[in-house]
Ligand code: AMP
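Listed next as structure tokens is one chain, alone, in the form predicted on its own.
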């Protein structure tokens, strides 16, 4: 992944989300709404390739709306038969590190939907890459039903204590509707890289 290209409206968005459905039907409903909104705008989805949980909801809804959905999954998970078999494309890679690198290469923006530890790990890696100038792509939280508020409070605390620059906190896109998310991604400008 190379740094610093001019920002453009995304043609494909990498979405990080859970392999579980979550404890409320609102998570699946809003995931499907976002997937349909992306498909309607001709924006392709790149994601982890699974057929389970919110990952499956995302893929099924985007495909049903005529969208392109590209999965990236390590061989071990494909062998465990959790790969979605109806995708536009599926890259089978060696491991989780290669998965994240490939997902980063394929899209112009990153969005985290509700999920667990894996979703957080993916989110923080691409956001750190942005801060270091490894890429100049927006990173966003889709805040379904206030799901990301505790994380945002923690990030505000990091910033207040001097561990997270206010410019990088401000660079993280936060939206709770598909329309607001896409508008903010279109208007986003990259922050100055940390050590530049």
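Positions refer to the first chain, counted from 1. All figures in this text were calculated on a predicted structure; none of them were measured in a lab.
This next part talks about the form predicted together with adenosine monophosphate, which is not shown.
How about residue 121: is it within 4.5 Å of adenosine monophosphate in the predicted complex, going by heavy atoms? Flag for residue 121 set to yes.
May I ask you to check whether residue 62 falls inside a 4.5 Å heavy atom distance of adenosine monophosphate in the predicted complex? No - in the predicted complex, heavy atoms of residue 62 and adenosine monophosphate never come within 4.5 Å of each other.
Can you tell me whether residue 187 touches adenosine monophosphate? I mean in the predicted complex, with a 4.5 angstroms heavy atom cut-off. Residue 187: no, not in contact with adenosine monophosphate in the predicted complex.
Should residue 116 be classed as touching adenosine monophosphate in the predicted complex when contacts are defined as heavy atoms within 4.5 Å? Yes, residue 116 lies within 4.5 Å of adenosine monophosphate in the predicted complex.
Establish, in the predicted complex, whether 14, 46 and 93 all lie within 4.5 Å of adenosine monophosphate, using non-hydrogen atoms for the distance. No: none of 14, 46 and 93 comes within 4.5 Å of adenosine monophosphate in the predicted complex.
Are there residues in 55-93 with a heavy atom within 4.5 Å of adenosine monophosphate in the predicted complex, and which are they, in order? Read in sequence order, the residues that approach adenosine monophosphate (within 4.5 Å, in the predicted complex) are 55, 77, 81.
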